[in-house]
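As C-alpha cells, one chain now follows by itself in the form predicted alone.
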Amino acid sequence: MHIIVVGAGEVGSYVADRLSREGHDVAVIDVDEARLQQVAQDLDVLTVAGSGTHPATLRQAGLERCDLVVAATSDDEVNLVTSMIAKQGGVESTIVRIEAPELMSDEAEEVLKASGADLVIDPDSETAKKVLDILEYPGASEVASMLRGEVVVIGARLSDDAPLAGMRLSEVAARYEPEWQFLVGAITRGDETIIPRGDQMLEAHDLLRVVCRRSARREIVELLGLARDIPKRIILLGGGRTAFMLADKLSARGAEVVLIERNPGRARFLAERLDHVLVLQGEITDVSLLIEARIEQAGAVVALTGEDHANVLACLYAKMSGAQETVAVTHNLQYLKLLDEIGIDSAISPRTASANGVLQFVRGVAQVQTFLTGDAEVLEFEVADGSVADGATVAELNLPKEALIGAIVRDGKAQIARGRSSLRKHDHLVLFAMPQAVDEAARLFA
C-alpha cells in the first residue's frame, strides 16, 4: 500500500515507522522541516514539507496512487480538512486523529461525515483506557482486553519469587492439565523477543505476555508474582485531557483521587468539574506538595504530563516514598530502558494506542495490540468460512514458527488453544506473532 501520514510528531512518526517496517510505501508530510529531517534520518520514508490541507502538497506525496491517508497532526481541524481533500482526490480510506470532545459529540456528526473519515483515533482516550486496565491488574506492565473481554493479555516481568520462575513451559502445561487457564504467548529477555515453545525455560526478570481466560485472571497474577490489591487511593500528576478522563472514571468507581496541576486556570477548571476529586495546584516535582498529597499512602501514582523528565522524577520520588504502583506516560521511547531499570512499574505511550488503531484498519482484523517493549504483536482474527483453518485442528495448521494461537472464543465461551483444539468458521482467535509472520498466518484464516 502507498500510505501518506500527515504529521511527523510523536504519533505520526511512530505510525509511519510501524507501517514502513511492514513493507508499506510511506510518505510523511509536516510543516516543520527540522522535524522532517529527523524523520528522514530515522525512517525509510519519503518526506514532504508542507501542509496536509494543501492539495499540491498531498499530490507531491503521491496522492494519485495513495491507498490510505493518516491525518495525525495535533490540530483537529487540519486533520479533518486533510481527510476531506484526500477523499475528493480519490483516496479510498482516511484515518483522522481527533482530540476535541466537541468534535466527537452528536452535534458534530455531520462534520465528521463531511470529512469522509473511515476511522477516528483519539490518543488521549486510548491512553486513559490503558491506564485504567493497568490499575485493574496492579504489578502488570501491560494489559489488553481481547475477544470482547472474554480473554485478557497480561504483560509482566517475572519476579524472583514468582511460582513460574525457573519452570519449563512443558512443566507448566503438565501441572495444569487437562484444562489450561492460560498460555505464555511471548517472552522478551534482554533485547530479544520470541514466540516460545514447550521446552522454553522461564527465568526471573523475563517479560512475559500471557493470555488467560477472564475468569482465571487473578490466579495468573499470583503465578506471575504480582498479587496485590487494586489501588483505592490514586494520585494523578498533570491535569491534561487524559488526566481529566481518568479522574472522572476513577472517582465514579469509588476511588479516592488526588490530582496535581501546574496551571492555576486549568486547576480551577478541573476543580469545578470534578466534584469528588481533590485538585492541588503546583508543580508535580514539588516535594512539599507531594508530601501534602500524602504520596506515601498512594496505592498508585500516575504521571501524565507532557514532560518526560518530570514524569520520571515524580514517579521515582513516589516509589521511594512508599507508593505501591507507579505509571509514567512517556513520549520519548529512549526513556523506556531507564524506567524499567529504576523500578517504575509501567510505561505508557500515546503512540502505541494510535498505531494499534491504524494497524487494525490496514490489516482488516478485529484488533491489534503492539507494545513498547519487544516486537511481538497480539491480533484478533475471525475464521472465515472455507478457510484453511475451518475444520482443522491447531496442530494441522502448520503455523509459522513465529506465530502461536493463544485462545479461541466460540459462541461467547473462551478456551485456551491447544494443538488438539479444533477450529471452525466464525471462531475468534487471539494470535501472538512477530510482524514478519503476521501475513502468512493471516492467510490461514482468510
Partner chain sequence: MSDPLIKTVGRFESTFGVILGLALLFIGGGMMLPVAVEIISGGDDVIELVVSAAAFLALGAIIRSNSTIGDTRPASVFAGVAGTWIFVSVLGALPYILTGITERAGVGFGTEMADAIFESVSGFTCTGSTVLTNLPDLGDPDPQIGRGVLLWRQLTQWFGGMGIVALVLAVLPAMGVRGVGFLAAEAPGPAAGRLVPRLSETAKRLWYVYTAVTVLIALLYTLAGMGLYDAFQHAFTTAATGGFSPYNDSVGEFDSVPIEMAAIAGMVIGGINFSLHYRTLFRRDLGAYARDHETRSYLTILLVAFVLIMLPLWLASPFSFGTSVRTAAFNTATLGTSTGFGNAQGAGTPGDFVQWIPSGQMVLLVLMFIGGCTGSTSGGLKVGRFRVMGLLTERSLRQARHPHAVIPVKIGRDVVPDNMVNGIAGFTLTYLAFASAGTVLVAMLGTDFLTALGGAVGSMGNMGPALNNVGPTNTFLDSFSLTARMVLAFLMIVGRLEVFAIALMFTRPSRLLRQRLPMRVRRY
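Residue numbers count along the first chain shown, from 1. Given the structure is predicted, the values throughout are model-derived calculations rather than measurements.
Beyond what is shown, the protein has a form predicted in complex with the partner chain; the following relates to that form.
Contact with the partner chain in the predicted complex, defined as a heavy atom within 4.5 Å, holds for exactly one of Glu136, Asp340, Glu222, Glu99, namely Glu136. Distance criterion of 4.5 Å from any heavy atom to the partner chain in the predicted complex singles out Ile230 from the list Ile230, Ala173, Val120, Val111.
In the predicted complex, the partner chain sits within 4.5 Å of a heavy atom belonging to Glu296.
In the predicted complex, Ser251 approaches the partner chain with a heavy atom inside 4.5 Å. Proximity of Val277 to the partner chain in the predicted complex: non-hydrogen atoms within 4.5 Å are present. Residue contact with the partner chain in the predicted complex: Glu256 places a heavy atom within 4.5 Å of it. At a distance of at most 4.5 angstroms from the partner chain in the predicted complex, all three residues Ile234, Ile291 and Met320 contribute at least one non-hydrogen atom. The stretch among 151-159, 243-251, 111-119, 195-203 whose residues place heavy atoms within 4.5 Å of the partner chain in the predicted complex is 243-251.
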